[in-house]
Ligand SMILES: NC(=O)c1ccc[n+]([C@@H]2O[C@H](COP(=O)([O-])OP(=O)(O)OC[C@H]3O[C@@H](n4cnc5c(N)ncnc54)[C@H](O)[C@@H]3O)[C@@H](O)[C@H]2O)c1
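Before any questions on binding or motion, here is one chain by itself as structure tokens, the form predicted alone.
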């Protein structure tokens, strides 16, 4: 199945299927002819998929840059090392970077491509559920800073996204659950039909049943493609894709980007967003039961340690969604519909953190 991101002369296709990675070399040769390429991956993927990477190297002549695996390596230094190798590989302005990995690899490779010779093409081949349903699509590229997540980066759209769900067969359960969170968020922003679909299939998706899994990816990507086509650089509706993320990014920053995966933080963040919508009045009481039912049974991970609420709250002010010193949240207002809300009372935010995080 193909879905297109409509961005004029920067539009691009998203290919979604199962057992399709073997077709990628032929696709590249057809679409990119004799253009040089380089693969950026991490050491975990390089080990698990060494045979596949060797095939790409042989058929496409792609050298490989292998970075460390983990959010804590999403730094300027790691990004700089990628650029060092792109120069050493003698890539030029017509060359293509192929990002093979999860969200960190995609963000890092994309940001490197955005800066190399003022911008070259790149392709996303996501290998995690989180990357498939979210980070590989939309052109957000970035590195983290000690003061906050994704604070240094650029909007740089890929020229293609190649999603093969067979990569998920080797994904550790913890990583899968982290991706489940990003898939699940579309229940709150994708309309009533998506809300009902996720309500009815959340358990099957959690079990990674092939058909619901593939369909949820298709639906989520279609929703994101529509949003990005309307608002590429988050001037308006694209902010909805950050449902639960104001809380999640603060938690990640609080724990120093260790011990809590991004998607795990999003699970907690979505729970906080629903609670804050209730106490702030954004979500009318007649819809509380529906949202409680869809949230029931989410696989919440344990937090690395009991958080200090005031410190988590302070970390929120480093989030990119903060404007003029005011926190903005994406809060549900109906089943399947959310909106950006500012002016939320501090006591409501602190009370939400205390209640949801059990501190």
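Positions refer to the first chain, counted from 1. We call the rigid core the largest set of C-alpha positions that still match within 1.5 Å between the two forms. These figures come from a predicted structure and were not determined experimentally.
Below, we refer to the form predicted in complex with this ligand, which is not included among the displayed structures.
*Asks:* If the cut-off is 4.5 angstroms on heavy atoms, which of these, 216, 127, 246, 253, is the one near this ligand in the model of the complex?
*Replies:* Going through each option in turn, the one that passes is 127.
*Asks:* Of 280, 170, 229, 159, which one comes within 4.5 Å of this ligand in the model of the complex, counting heavy atoms only?
*Replies:* Looking at 280, 170, 229, 159 one by one, just 170 meets the 4.5 Å heavy-atom criterion.
*Asks:* Have a look at 191-199, 112-120, 77-85, 95-103 and name the one stretch with heavy atoms inside 4.5 Å of this ligand in the model of the complex.
*Replies:* One stretch meets the cut-off, namely 95-103.
*Asks:* Although this ligand is absent from this view, report whether residue 71 comes within 4.5 Å of it in the model of the complex, heavy atoms only.
*Replies:* Close contact exists here: in the model of the complex, residue 71 approaches this ligand to within 4.5 Å, heavy atoms only.
*Asks:* Residue 39: heavy atom within 4.5 Å of this ligand in the model of the complex?
*Replies:* Residue 39 lies outside the contact set for this ligand.
*Asks:* Does this ligand come within 4.5 Å of any heavy atom of residue 45 in the model of the complex?
*Replies:* Close contact exists here: in the model of the complex, residue 45 approaches this ligand to within 4.5 Å, heavy atoms only.
*Asks:* Hey, in the model of the complex, does residue 264 get a heavy atom within 4.5 angstroms of this ligand?
*Replies:* Result no; residue 264 lies far from this ligand in the model of the complex.
*Asks:* What are the residues of 127-152, in order along the chain, with a heavy atom within 4.5 Å of this ligand in the model of the complex?
*Replies:* Sequence-ordered list: 127, 128, 130, 131, 134, 135, 140, 149, 150.
*Asks:* When the rigid core is used for the superposition, does residue 176 move between the shown form and the other one (threshold: C-alpha shift of 2 Å or more)?
*Replies:* Stays below the 2 Å threshold, so no.
*Asks:* Tell me, please, whether between the shown form and the other one the C-alpha of residue 252 is shifted by 2 Å or more, with the rigid core used for superposition.
*Replies:* After core superposition, the C-alpha of residue 252 moves 2 Å or more between the shown form and the other one.
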